[in-house]
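Given next, in structure tokens, is a single chain: the form predicted on its own.
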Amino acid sequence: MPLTLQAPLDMHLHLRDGDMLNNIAQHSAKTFPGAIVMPNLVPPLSSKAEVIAYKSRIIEAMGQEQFTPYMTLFFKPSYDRAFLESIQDEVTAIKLYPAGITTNSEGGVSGFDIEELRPALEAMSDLEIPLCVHGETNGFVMDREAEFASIYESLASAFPKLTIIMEHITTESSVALLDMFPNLYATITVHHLLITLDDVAGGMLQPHLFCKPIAKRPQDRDALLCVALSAHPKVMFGSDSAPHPREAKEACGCAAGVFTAPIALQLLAEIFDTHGASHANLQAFVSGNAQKIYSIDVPQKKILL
């Protein structure tokens, strides 16, 4: 059965740089005419010039494909209002990483002292620049996201007008936060709607399913499915598609990241169909909710599956 989607969006995408960017960029653009692009390059994007230059490289790598890169900046507590005002027209969001918690995040935030973060986050709030967060501590791997919940609560309470996106949530506890704070939103990946930790490490280790946050328990996956399939207005699709060279994935010390860009939209359509969810809910999950949350204009492009 043919399925048409209007302007599906990927609200969390890694395109890398150099040869990797040129090799994988068009896989996303074939089915997603727009995406939020992550800033954790080497070095991470932390200036206006770096954002503009990277955006130009992305557009060049897309060739003839219609694609809008919604750019992000790597969060630093030192950003002041003048700097944020100068860059707000070039970025759609700013991404906060806890230091060293995932790929290329060593320059992230080492502590979550609200008063230290306040100048930058209050300026972002006033300027209506959303904050995207990789929400994990450095605790036991299965507890890292749940442990971060108290930090989300502190941020949401301290900055009630700041739009905060909990990126690639994987737990039932993160889902519960959506209805507790009006300024908390979330992205959900397709792989976390499909797999649990058992798929990653229950038998033979599956390096191509290893990511951060790692897949959790069946009840966590079920909670994600519930809000995604019902198109909860505070969730949206973000693939977190994260390519690595084969030698980095199929190796001792396997790199974290699941590369789903070529098949992400097709997998989502299959999941929604299998569970009897409506076309309208799929459209909201892959586009409508994101447009409202981010207040963005999107390319008018229809995708036929």
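Residue numbers here begin at 1 and follow the sequence given. Please read all numbers here as calculations on a predicted model, not as lab measurements.
The same protein also exists as the form predicted in complex with a small molecule; that form is not shown, yet it is the one meant from here on.
- A heavy atom within 4.5 Å of the small molecule in the predicted bound form is found for exactly one of Thr92, Ser125, Thr196, Thr103: Thr103.
- Listed residues Cys211, Val175, Ile129, Val190 were compared with the small molecule in the predicted bound form; Cys211 is the one with a heavy atom within 4.5 Å.
- Contact annotation: Pro44 falls outside 4.5 Å of the small molecule in the predicted bound form, judged by heavy atom distances.
- Within 4.5 Å of some heavy atom of the small molecule in the predicted bound form lies at least one heavy atom of Ala242.
- Among residues of the shown chain, His168 is one whose heavy atoms approach the small molecule to within 4.5 Å in the predicted bound form.
- Put simply, Val51 is far from the small molecule in the predicted bound form: not one heavy atom of it is within 4.5 Å.
- Proximity to the small molecule in the predicted bound form, taken as heavy atoms within 4.5 Å, picks out 242-250 from the listed stretches 271-279, 242-250, 29-37, 64-72.
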